[in-house]
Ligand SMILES: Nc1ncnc2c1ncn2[C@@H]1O[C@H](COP(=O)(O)OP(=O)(O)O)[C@@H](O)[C@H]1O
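Okay, so here's just one chain, in structure tokens, the form predicted alone.
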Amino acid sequence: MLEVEDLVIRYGPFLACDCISIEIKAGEIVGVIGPNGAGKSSVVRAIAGLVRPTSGSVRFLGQSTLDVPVHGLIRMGLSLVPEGRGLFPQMSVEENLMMGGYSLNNKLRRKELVENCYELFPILKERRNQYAGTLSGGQQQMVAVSVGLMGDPKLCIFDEPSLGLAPIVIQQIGDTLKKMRDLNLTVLLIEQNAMLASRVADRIYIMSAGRVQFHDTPASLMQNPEVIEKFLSA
């Protein structure tokens, strides 16, 4: 579904990503983890069409994305739930959801997607008329996830969904990510929280210093002494 090959990203003289290759098959949940400055967000921005790589390729559903505008990628079925949530704080929960589905012409499908989001997060149905900016951090993240799903995507990218959240809310986010399979979604999860990624992902890429250092299943990575020492011992 998604193929990133030999991706190089520079910001002026600074090399952010060096020959990154990532593959995601339909129905998978794939994690990309690593510390701050590893280059994870740069990879996300390249996939989402927000930055043009210096070299390399990004293909989504067999088509190169490098010359496709952001709104074109959305219509193709790619959705990004950004770090920091990106909500409209002075709009209600439901208004934020409807903004997420703005590209859908089918009003019936849009209504179905709203109801799907409320099934995933019942608390949002209770708060549907409340300003998004007045919700707790965990509830705002639930809205952000729902907004991402409102575009009826085939691939959903979650950029640091656990950032700043309490452990109980992180567990809820993990449970939600697992449910994505039931919605026939493919997920790319960008995380610093290795335990969350290992709980939900089929495969994990570990990035550091702009490169992929390891790639394997969570079970295999958790038994790798070098991975434990360098990335999981803190």
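Note that the coordinates shown come from a computational prediction; the quantities given were computed from them, not determined experimentally. Don't overthink the numbering: it's just position in the shown sequence, from 1.
Separately, the form predicted together with the ligand exists; it is not shown, and the next lines address it.
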property	result
The unique member of Ser64, Asn36, Ser55, Asn184 whose heavy atoms fall within 4.5 Å of the ligand in the predicted bound form	Asn36
Distance check, Ile22 to the ligand in the predicted bound form, heavy atom within 4.5 Å	no
Val212 within 4.5 Å of the ligand in the predicted bound form, heavy atoms	no
Touches the ligand in the predicted bound form: Glu95 (any heavy atom, 4.5 Å)	no
Partner proximity in the predicted bound form: Thr176 to the ligand, non-hydrogen atom cutoff 4.5 Å	no
Heavy atom contact within 4.5 Å of the ligand in the predicted bound form, the stretch among 39 to 47, 193 to 201, 168 to 176, 66 to 74	39 to 47
In the predicted bound form: members of 167 to 198 within 4.5 Å of the ligand, any heavy atom	none
